[in-house]
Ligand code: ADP
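Heads up, the chain below is alone and in the form predicted on its own; it's given as structure tokens.
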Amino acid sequence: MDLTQHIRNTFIHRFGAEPIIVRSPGRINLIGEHTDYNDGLVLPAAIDKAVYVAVKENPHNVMRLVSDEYKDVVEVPVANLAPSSAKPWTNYIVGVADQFQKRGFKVGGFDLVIAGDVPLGAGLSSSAAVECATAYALNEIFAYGLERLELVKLAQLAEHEFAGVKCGIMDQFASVFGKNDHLIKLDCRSLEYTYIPIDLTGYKLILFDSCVKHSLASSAYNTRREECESGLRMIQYYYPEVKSLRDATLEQVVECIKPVDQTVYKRCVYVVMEINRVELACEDLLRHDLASFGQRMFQTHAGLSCEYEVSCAELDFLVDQVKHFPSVIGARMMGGGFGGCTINLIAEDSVNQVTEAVTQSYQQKFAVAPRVYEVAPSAGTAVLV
């Protein structure tokens, strides 16, 4: 039974009514890591793994929330919306309702069942998928009439205020605006976007999940943001017209930062080069040059590991292992760093061989087997039923 039918049956069994069902996918990011908070470019895609919500109004002024994953039922009065430390999975749903209320919309009672096949904790933005599915569903059943971009912004704020994660807008944007067989070239400053076709004929996108998340992740993320801001100020002292690292040239980074602070210099070199890499990667895809695109993935990993220093032993090992296979034409760590997944472009007929070899060597080295996921660029958030 597929998830759509499963969640529908669960809803009807519990609430005795026919719901609407909304699907909202997780996301990958192919190129453009740690560029979003520097007003840069990113190149994400929605994937063929998603969160599903079945939703219908109820007359009780209460949200009745059912999680298939956690086998949990929670009731929340719509007049009393607050983050929950006891039931953190509800924050991604209740936070969205709270954002609608803050915009002056009346949120009535509703019943909601949630399920999905986005792997949790793998860096595929399951939280953004929950937020976007909920926002889309409530917009539908209460006829608020908000456009998709407004729903994206609303979902992002829900994560900021209820989940306490100051995420960029890429995850929610990719979830809502995804398109089959396309990546999204997103300008994080203007939110202008272009669909870039990707022809994966003969290749698969495979994720190797390191199964680790080091405690450095959140503190290092904040430190990197501060280092970028520090570098920007050094450039602005001589070039006040530069508003963000998006506007900076490599020459300016060398001139203004290198003599002052080697660490900040390395961070800013990476960001400026990575923003440029997104542009070049899009040109590769438009020329149907998947091999050059893959080389840029390797370059991004080297930058994240050596210059931005947000990789870790496990991620570096996974990327180093696949370099031995000519059939792997691109690989890099994906996400904030210090754990999570690597994303790999592997020739279709070699996927099993590469997966077995990497799994065996990783298990020998780290005493845990990596989880393996195959993903493909997919359509964004939509009402299914």
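Computed from a predicted model, the values in this text were never measured in an experiment. Residue indices: 1-based, along the sequence shown.
There is also a form predicted in complex with ligand ADP; it is not shown, and the following applies to it.
Among residues of the shown chain, Ser126 is one whose heavy atoms approach ligand ADP to within 4.5 Å in the model of the complex.
Ligand ADP in the model of the complex comes within 4.5 Å of a heavy atom belonging to Val51. In the model of the complex, at least one heavy atom of Ser67 sits within 4.5 Å of ligand ADP. For the chain shown alone, Phe208 is not a contact residue for ligand ADP in the model of the complex, no non-hydrogen atom being within 4.5 angstroms. Here is the short version: of Ile114, Ala281, Leu232, Val272, the single residue with a heavy atom within 4.5 Å of ligand ADP in the model of the complex is Ile114. The contact with ligand ADP in the model of the complex, taken as any heavy atom within 4.5 Å, belongs to Val130 out of Val130, Leu183, Ala158, Cys268. Exactly one of the stretches 291-299, 116-124, 306-314, 232-240 approaches ligand ADP in the model of the complex with heavy atoms within 4.5 Å, and it is 116-124.
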